[in-house]
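In the block that follows, a single chain appears as structure tokens, in the form predicted alone.
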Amino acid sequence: MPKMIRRTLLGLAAAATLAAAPVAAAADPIRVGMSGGYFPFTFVEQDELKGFEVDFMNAVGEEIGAEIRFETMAFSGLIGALQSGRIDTVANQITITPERQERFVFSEPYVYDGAQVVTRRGNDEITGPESLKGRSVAVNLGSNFEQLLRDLPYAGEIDIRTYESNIEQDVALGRVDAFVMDRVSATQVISERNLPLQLAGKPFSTIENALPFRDDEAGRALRDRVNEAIATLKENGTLAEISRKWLGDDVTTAP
């Protein structure tokens, strides 16, 4: 084979390899863990996974050219699944806390919210966290809201009960005096689920929610790619549109 032709073929092969490499890297699926039971962020309706987090992660996947594979499990198992490598991140309104920052690297926040006390409708004795003394209060197992309650100076006087799910129903039925979750979710639960509940006072802690990744080379690289996508989704209005669709307001920028 003439040298000129051989060099040309080698050059074309090298170019094809270089062109294919980024496509292969971008096509690696991102395994996203969520509970599927945290309305309106992640929930199942007619066997279909829906919610803010689902639309948000699908938009991230489109931006970085990666398939998003959702894996649902109990909320309390999500962090363990991330640590063990079964999933690549968690999209379930994970609040940035100092304890979590010691174990994971976080994306930029994409939801800004506050911790909210919720009671059965008509219970006007509870007006916020300061009136939870001597009361039973439900929180989702493994959530940061449990820690927020335990950090209160009078935490020893609160009967804190951890649940895998159904904290709203037990408060509505009067089995527990109150529950604590983020204000956005609480507001949507009250308006959409037709449960006899009410907000008790104002949010008592500001929270920033983001995506956690393992603190290793691959995790940090994925975090950086996702951050670029989040920045684009904020700039072009897609993230605000998703927020208004599911939450009735834009909660994706810092107050």
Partner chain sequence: MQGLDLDYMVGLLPVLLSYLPLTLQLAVTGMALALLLACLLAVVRVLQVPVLDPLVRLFISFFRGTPLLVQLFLFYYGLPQVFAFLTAINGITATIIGLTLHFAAYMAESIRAAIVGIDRSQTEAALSIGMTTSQMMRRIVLPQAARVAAPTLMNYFIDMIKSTSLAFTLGVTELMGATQKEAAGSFLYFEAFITVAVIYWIVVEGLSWVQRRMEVFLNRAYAR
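Just so we're clear, the structure is a prediction, and the values are computed from it rather than from any experiment. Residue numbers count along the first chain shown, from 1.
Although it is not shown, the form predicted together with its partner chain is what the next lines describe.
Enquirer: Within 4.5 Å, heavy atoms only, which of 199, 59, 44, 68 is in contact with its partner chain in the predicted complex?
Expert: Partner contact (heavy atom, 4.5 Å) among the options: 44.
Enquirer: Consider the chain as shown here, without its partner, and state which of 166, 127, 97, 162 has a heavy atom within 4.5 Å of its partner chain in the predicted complex.
Expert: Selected residue: 166.
Enquirer: Hey, in the predicted complex, is residue 84 touching its partner chain, heavy atoms inside 4.5 Å?
Expert: Residue 84: contacts its partner chain in the predicted complex.
Enquirer: Is there a heavy atom of residue 204 no more than 4.5 Å from a heavy atom of its partner chain in the predicted complex?
Expert: Residue-level check for residue 204: no, no contact with its partner chain.
Enquirer: How about residue 193: is it within 4.5 Å of its partner chain in the predicted complex, going by heavy atoms?
Expert: Flag for residue 193 set to yes.
Enquirer: Quick one: does residue 35 come within 4.5 Å of its partner chain in the predicted complex, counting heavy atoms only?
Expert: Residue-level check for residue 35: yes, a contact with its partner chain.
Enquirer: Check for me: heavy atom within 4.5 Å of its partner chain in the predicted complex, for each of 93, 211 and 246, yes or no.
Expert: Not one of the three qualifies.
Enquirer: So which stretch, 147 to 155, 132 to 140, 76 to 84, 117 to 125, is the one near its partner chain in the predicted complex (non-hydrogen atoms, 4.5 Å)?
Expert: After filtering at 4.5 Å, what remains is 76 to 84.
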